[in-house]
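In the block that follows, a single chain appears as structure tokens, in the form predicted alone.
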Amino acid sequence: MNTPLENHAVAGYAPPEEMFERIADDLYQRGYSVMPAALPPALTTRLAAYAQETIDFDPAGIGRAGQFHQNEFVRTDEICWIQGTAAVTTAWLNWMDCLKVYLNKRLFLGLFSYESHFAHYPPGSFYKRHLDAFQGESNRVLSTVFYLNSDWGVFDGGELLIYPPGDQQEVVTVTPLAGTMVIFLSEEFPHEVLPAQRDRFSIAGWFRVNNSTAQRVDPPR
């Protein structure tokens, strides 16, 4: 009899239940997880090629729906939302769905949906310190970042800084090297992206709970 993860297998890859367990333990114990070589290397390579060769990016903004606006003082990256219309993006969404199933089983988070976009930071681009939760909303539970940059060196910049709650612990610094997955509690950890010295690609995403009502669909589209 197949497990839920086997039933959600990604294009021939066996979902890494041991890795999912480590992510769940990290989230339970400290609220964030940094996992090198998270996805199968072939899928990481395909996602990187797709981001660098296929996508037309749009300038990123702040807020959602009627509150959306661009602010180059806060962020200067560009994005493209993932719809799962290509085989490689479908594989990505399926892998993240496997993770959602596992985290709900282990941590009882009530995760309902997942949204994500490719992000491109041209040289000099940044995203200043912020929280991923929208004002007045609490639907984003977990933030995820997956990196697509091979051979990223110490002088290339573009690190992700994660600030623990209360600023009483050491800041977590993550090099945006291909294959690294970062997951953290959206409402608890302010974070920022330092200026990159060369083109920097990643996938940013959010696991959400369902806050839809009879009067409002969440998330709005």
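Start at 1 with the first residue shown and count on from there. What you see is a predicted model; the values in this text were computed from it and never measured.
Although it is not shown, the form predicted together with N-oxalylglycine is what the next lines describe.
Against N-oxalylglycine in the predicted bound form, the set 121, 132 and 204 is in full contact: each member has a heavy atom within 4.5 Å. Although the partner is absent from this view, residue 112 stays clear of N-oxalylglycine in the predicted bound form, with no non-hydrogen atom inside 4.5 angstroms. Among residues of the shown chain, residue 160 is one whose heavy atoms approach N-oxalylglycine to within 4.5 Å in the predicted bound form. Mapping the unseen interface onto this chain, residue 145 counts among the residues with a heavy atom inside 4.5 Å of N-oxalylglycine in the predicted bound form. Taking the partner from the other structure, N-oxalylglycine in the predicted bound form has a heavy atom within 4.5 Å of a heavy atom of residue 200.
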